[in-house]
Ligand code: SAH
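Just one chain is shown here, as structure tokens, and it is the form predicted on its own.
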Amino acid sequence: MFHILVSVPVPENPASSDMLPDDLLPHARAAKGFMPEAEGMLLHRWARRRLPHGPALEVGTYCGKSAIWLGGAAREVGGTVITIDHHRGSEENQAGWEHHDTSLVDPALGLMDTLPTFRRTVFEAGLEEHVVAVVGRSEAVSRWWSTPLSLLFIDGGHGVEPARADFRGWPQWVMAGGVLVIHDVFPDPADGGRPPYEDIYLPALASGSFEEVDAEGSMRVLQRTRGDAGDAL
């Protein structure tokens, strides 16, 4: 089983804050990615609240923009952020799609490779001690996972099958009182793609294990109110 033991020497009730420290904010703004700053603030605030209780895990690293918001919280209050990605790009990042970035293509292979950019982003932000990268497909890693999570942030592939795989593999590991944060939730089809809404957000609420406690833009925060890590939803 994929199990991580994390020691978290932090105060019980750290002061809450939306904003990153001044030295990290420019790095978050400059990093490649698609997260508006207000949503980053929300993610940072909830990471500060939850990291004293256990590790946070991000599904969908891309180039590290959201990892700075999460890692900044870990630097402030203690704890560890694990971020998972195969770094070959989601469907929407491939050639011919709206979010394709040719600067992220490995010229030798002709394939997307966001890992070098992510590593540079985290290094330049000084967060390598707080953010742990796991390189692999979300579904493959989740089959071996067994560590309770205080915060789970799902921002992986936005196709139907990747979203369903993320829901099958990860929300069960959110501990009682922990939070599931989902990005790109669009109740109105005119605003964006459906899978994060239809295949993660709605099933999590329908399970009866989570209730919505916060939102900003397309980001939703659901808190686990029934069951504990490892229990089937």
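What you see is a predicted model; the values in this text were computed from it and never measured. Each residue number is its position in the shown sequence, starting from 1.
What follows is about the form predicted in complex with this ligand, which we do not show.
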query: Heavy atom of Met41 within 4.5 Å of this ligand in the predicted bound form; finding: no
query: 4.5 Å heavy atom contact, His86 to this ligand in the predicted bound form; finding: yes
query: Interface membership of Thr117, this ligand in the predicted bound form, 4.5 Å heavy atom rule; finding: no
query: Partner proximity in the predicted bound form: Phe186 to this ligand, non-hydrogen atom cutoff 4.5 Å; finding: no
query: Heavy atom contact within 4.5 Å of this ligand in the predicted bound form, the stretch among 204 to 212, 52 to 60, 191 to 199, 173 to 181; finding: 52 to 60
query: Heavy atom within 4.5 Å of this ligand in the predicted bound form - the one residue of Gly78, Gly136, Gly126, Pro148 that qualifies; finding: Gly136
query: This ligand in the predicted bound form reached by all of Gly33, Lys65 and Gly156, non-hydrogen atom within 4.5 Å; finding: yes
query: Members of 201 to 233 lying within 4.5 angstroms of this ligand, judged by heavy atom, in the predicted bound form; finding: none
